[in-house]
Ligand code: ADP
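Form predicted on its own, single chain, as structure tokens, below.
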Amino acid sequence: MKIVQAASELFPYLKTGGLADAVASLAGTLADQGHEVAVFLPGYRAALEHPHAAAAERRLRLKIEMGDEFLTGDVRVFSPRKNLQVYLVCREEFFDRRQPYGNGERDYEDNADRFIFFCKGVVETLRLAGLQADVVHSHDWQTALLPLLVRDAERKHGVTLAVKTVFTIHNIAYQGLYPRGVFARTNLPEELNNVDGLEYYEQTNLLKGGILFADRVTTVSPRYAQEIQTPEFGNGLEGVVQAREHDIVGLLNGVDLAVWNPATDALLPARYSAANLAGKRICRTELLKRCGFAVDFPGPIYGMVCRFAEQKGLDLLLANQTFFHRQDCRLVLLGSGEARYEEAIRAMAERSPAKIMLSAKLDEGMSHLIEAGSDFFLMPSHFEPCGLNQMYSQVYGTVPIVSQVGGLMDTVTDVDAHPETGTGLMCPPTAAGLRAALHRSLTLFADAPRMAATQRRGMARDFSWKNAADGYARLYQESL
């Protein structure tokens, strides 16, 4: 099949979270399976500076209609592996910035224009380059207009750009919600500017367009596909999702074992496997050393890597900071995001500098070391469409402590409830729930044989992207 993917992030060229890993792994695995895959990414500064992009050729000059004006851009193309091409849609005004979505304090005010331009650039490239895709698959609100724009361009130009369109909701909490006047920048027919189209309470909702008008809609876990049809998790779009209930399917993301594999991970000081965990002990020592802790500390190490956002349950962590201040344990946190959480966690770390370390930045190497060197990994999310770190943790022999929501429930089995098959600890997404799970973790850690058995069961699970990619390939084929 000829498959086109479009997303606002793609590892290793631009990453702020799991979206980048998921799209890269899906595209790469499909390419390895023999499909012809093209991935479109905005021409961010970081992407253009990546060594792969050094050989990128300027393929097209774009002239994009945006409301009552035309804006120009370039398309640069390179091929990082067989059967895979990466297309960068470039316009310096929009994408030559240090961060992809905002300055750390607030989102860029022109994000609607930036991503409408990107989507139109994808469609125009499909038309001018004659890519003739079997499937155009777009991800999250930044590319949610693609299904509509593809069909609109086909109507205007009398061509076929894609046989089918697929849209994936990675996180329904982020919807691309803008003033209603933004609709004019899409140049779509005015009949779509109503409640049956992109209009949402007198605003323009870009995510809504992807849900309503793609041929098939997916989410990143089976449970999340059900959750977002409820008021608790639907973020106001549960009715829109329910309208597509027969066309929506939940497909779990996977782990790219070329990147996340303790037996081959070049970012670790030592490699290891379920058969021999000696390397994990070396990683633990290096993590303690990197954090400035005593390297012979015998107690449990808790790790957490995430965006500092409400979704991730940081309020629950902060509500339980007494546990980390009082217990003989260590806590390592890596991430950045909302200033209120960063400031609160920094204050928590400053209160117990001998026990808690915060690294408030994006650091791929450190994220691998935390996964490998920790005994437990914290994911007390209020909601989690899929989650990747709980899978990484199990692959790395680190016991995840997770909330009973979304993809976390699809990928973790509680060891106390299921002693023979358990791979982690699960709890309700409440402060009391997390507190109970933390105390259960102390009991588990104190029972070395049971702890080791839990680790090895996690490492034996198959989270490879082959399973996930096979599910998408079947969906594409069924749609065609």
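Note that this is a predicted model, so its numbers are computed, not measured. For every residue, the number given is its place in the sequence shown, counted from 1.
Beyond what is shown, the protein has a form predicted together with the ligand; the following relates to that form.
Heavy atoms within 4.5 Å of the ligand in the predicted bound form are found in exactly one of 316-324, 97-105, 358-366, 265-273, that being 358-366.
Think of it this way: in the predicted bound form, the ligand has a heavy atom of just one of 307, 127, 180, 290 within 4.5 Å, and the residue is 307. Checking 261, 203, 235, 336 against the ligand in the predicted bound form, a heavy atom within 4.5 Å turns up for just one residue: 336. For the chain shown alone, residue 392 is a contact residue for the ligand in the predicted bound form, at least one non-hydrogen atom being within 4.5 angstroms. The ligand is not drawn, but in the predicted bound form it has no heavy atom within 4.5 Å of residue 133. When contacts are judged by a 4.5 Å heavy atom cut-off, residue 330 does not count as touching the ligand in the predicted bound form. Although the partner is absent from this view, residue 461 stays clear of the ligand in the predicted bound form, with no non-hydrogen atom inside 4.5 angstroms.
Counting a residue when any of its non-hydrogen atoms is within 4.5 Å of the ligand in the predicted bound form, the hits in 308-326 run 311, 312.
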